[in-house]
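Before any questions on binding or motion, here is one chain by itself as structure tokens, the form predicted alone.
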């Protein structure tokens, strides 16, 4: 039971890092980016190329994957996404889902359709027992790294000047510009950072989830569930939702494997019926 709990927390942490960029763009920027998983896939394949083919150490491949994916996200934001911010949500959905299918076709052509994994160092392979609880070394690394990222992201958004500028730009762009805030630059940096986090999540998750060209489609629903269940008014909500869903998914597949992912879909439906605004969303004053 404790081993399942440990694996569920690790999986939930990974889900949060993969989905938190979508939470930021949707919750703070009010932009529906269904192509978020494509940036996660880019980070995963970047790590596969760097580590498996070039021979760069895994520890160095992770920050490189973050930077490369952040640069790709920033480039796409300035050249493509910036033209869709003011459009309605249906246009945003159609635009970003088109990017998903384009990325699937591009990766299938360049990298092949077979599933690939990242070669992790021997020091991170295997597991050790703590009071009878089997803990995978690599999953423990995921918990530590994702935990540090979660705390850092919360501090950046809540305690820094950039976080206050982002909130001001989201609340009222006209007033923010009047105060001297470069709204375009704030959105570009935010989008690039969220894309980089997705790429880092893809790099960390490649060993557990595997990589193939359909990655953005397979895990798109997971990202949306995290944001939907957790709400979009804060980072804390999606984080707690990721942990709950990670534990529920791992436990469900262990105890009732024939039901597959039915457990988390059932949880999502129940939450949406009970609290349509999200389980951890702030209540709005009437």
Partner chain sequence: MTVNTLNAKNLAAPAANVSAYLKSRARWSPFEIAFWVFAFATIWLFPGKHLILKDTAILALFALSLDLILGYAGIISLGQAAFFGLAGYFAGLVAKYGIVNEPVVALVLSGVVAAALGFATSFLVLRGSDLTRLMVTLGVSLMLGEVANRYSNITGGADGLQGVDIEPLFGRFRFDLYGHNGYVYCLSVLFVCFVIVRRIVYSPFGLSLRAVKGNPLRAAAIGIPVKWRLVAIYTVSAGIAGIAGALLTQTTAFCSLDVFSLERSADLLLVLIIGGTGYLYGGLIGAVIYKFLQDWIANLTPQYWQFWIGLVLVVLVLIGRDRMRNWIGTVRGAVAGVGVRLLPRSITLGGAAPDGP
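Numbering follows the first chain given and starts at 1. Because the structure is a prediction, the values reported are computed rather than measured.
In what follows, reference is made to the form predicted together with its partner chain, a form of this protein that is not presented.
Task: Partner proximity in the predicted bound form: residue 72 to its partner chain, non-hydrogen atom cutoff 4.5 Å - done: Result no; residue 72 lies far from its partner chain in the predicted bound form.
Open item on the list: Taking its partner chain as it sits in the predicted bound form, is residue 56 in contact with it (heavy atom to heavy atom, 4.5 Å or less)?
Closed with: Output for residue 56 is no: heavy atoms all beyond 4.5 Å of its partner chain.
Task: Touches its partner chain in the predicted bound form: residue 83 (any heavy atom, 4.5 Å) - done: Judged by the heavy-atom cut-off of 4.5 Å, residue 83 is in contact with its partner chain in the predicted bound form.
Open item on the list: Please tell me whether any heavy atom belonging to residue 105 falls inside 4.5 Å of a heavy atom of its partner chain, as the geometry stands in the predicted bound form.
Closed with: Yes, residue 105 sits close enough to its partner chain in the predicted bound form that at least one of its heavy atoms falls within 4.5 Å.
Task: Listed residue (48, 243, 26, 235) with a non-hydrogen atom within 4.5 angstroms of its partner chain in the predicted bound form - done: Going through each option in turn, the one that passes is 26.
Open item on the list: Under a 4.5 angstroms heavy atom criterion, identify the one residue in 158, 94, 144, 185 near its partner chain in the predicted bound form.
Closed with: Result of the distance check: 94.
Task: Contact stretch among 148-156, 106-114, 197-205, 172-180 - heavy atom within 4.5 Å of its partner chain in the predicted bound form - done: Looking at the other structure, the answer is 106-114.
Task: Those residues of 211-227 which, in the predicted bound form, come within 4.5 Å of its partner chain by heavy atom - done: The stretch touches the partner through 217, 220, 221, 224, 225.
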